[in-house]
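Below you'll find only one chain, the form predicted alone, shown as structure tokens.
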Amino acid sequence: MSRNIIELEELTKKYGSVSVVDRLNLSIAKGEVFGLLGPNGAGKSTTILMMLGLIEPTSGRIMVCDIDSTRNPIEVKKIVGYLPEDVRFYDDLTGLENLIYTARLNHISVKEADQKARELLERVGMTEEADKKAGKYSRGMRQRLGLADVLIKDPHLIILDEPTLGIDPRGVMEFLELILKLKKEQELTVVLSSHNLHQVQKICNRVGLFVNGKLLAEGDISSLSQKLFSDETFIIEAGISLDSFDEADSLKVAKNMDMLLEKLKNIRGVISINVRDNVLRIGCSGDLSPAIAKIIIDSGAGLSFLHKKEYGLDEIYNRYFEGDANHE
């Protein structure tokens, strides 16, 4: 198998004159957790369905695990696990019975199906609910059972489409941690589709930003922030006190402030400095908080607080979707 487990080339899906997916080029490496990020209607689910061979593209090429999804959809389904947004089970069967049924559909023997089903229920934290009817499961329990269901055939790749929708915050955290744990244990490749920025940032190695059927950008958080924010990947806010300066002499205060700002500008990696109400907002190429704190204190000014933050998906997402036309 090639290093890239998914390769999409000029992938396009049109309904009439509307391009739901527009000339998409994307590669996902084996072992990655990749996030498809974008608002509802951006083309994420359509892309997933084409990867699975469930709908045909208008044009373009799709390779999943070195298999052409369009020509050999059955072969793709054998080795890819898919958890849709709203997973369904037979409500009158127990969780265990549902898993065994899926295993038998994948030509796993009765004895092995029972063993694998019980092992997976334990791994997803559902042992105590194994004999409960699936119709009595909560949303979070159904998603956990769904994860066990996609793993029962030992897939090379799992695709999760909005898997945490409708789950309470604690359940979301537990579900994401479970995905990471299973990915590490089984060396899986994971594709996660979501419009929830924090969830994607928590577990994904790389993300692709979708809007109106187009992939506007892809990469890890650091590379995307560098591209968007001109290497100003860290923001450090420092609250300063001028009490130690002679405030009766306004010229002296201004001179001392100018000297402080000049020294801060000379720190290698400082990109910009803005001052407002005795708060310095310093854009940096890295975490320069120790050097910044030292210069402020050495200048004679008081340092009341120092906060640092790195640009995350919130800022990246907003920057792209504020003016997506400029990034097409």
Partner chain sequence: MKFITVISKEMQIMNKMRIRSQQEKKLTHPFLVIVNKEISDHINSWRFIILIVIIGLTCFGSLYTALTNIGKVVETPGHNNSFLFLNLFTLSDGTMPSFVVFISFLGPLLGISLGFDAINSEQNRGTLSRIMAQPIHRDYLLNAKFLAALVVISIMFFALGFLVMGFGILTIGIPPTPEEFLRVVFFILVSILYVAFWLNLSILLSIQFRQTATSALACIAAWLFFTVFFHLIVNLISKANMPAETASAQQIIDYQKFVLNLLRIEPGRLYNEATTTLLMPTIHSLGPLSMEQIHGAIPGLLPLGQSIMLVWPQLTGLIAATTICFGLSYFSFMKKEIRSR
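Numbering follows the first chain given and starts at 1. Bear in mind the structure is a predicted one, so any value in this text is a computation, not a measurement.
If you look for the form predicted together with its partner chain, you will not find it shown, but the lines that follow are about it.
Among K255, R170, K181, R104, the residue placing a heavy atom within 4.5 Å of its partner chain in the predicted bound form is R104.
Taking a 4.5 Å heavy atom cutoff to its partner chain in the predicted bound form, the contact residue among F175, Y137, F210, Y82 is Y82. Site residues R268, I297 and S299 are none of them in contact with its partner chain in the predicted bound form, judged by any heavy atom within 4.5 Å.
Interface membership of S285, defined by any non-hydrogen atom within 4.5 Å of its partner chain in the predicted bound form, is ruled out. At least one heavy atom of S45 is located within 4.5 Å of its partner chain in the predicted bound form. Contact annotation: V87 falls within 4.5 Å of its partner chain in the predicted bound form, judged by heavy atom distances. Using a 4.5 angstroms threshold between heavy atoms, N98 counts as touching its partner chain in the predicted bound form. Here the chain stands by itself, but in the predicted bound form one stretch of 195-203, 73-81, 211-219, 115-123, 73-81, has heavy atoms within 4.5 Å of its partner chain. Contacts between 45-72 and its partner chain, taken as any heavy atom within 4.5 Å in the predicted bound form, involve S45, T46, L49, L54, I55.
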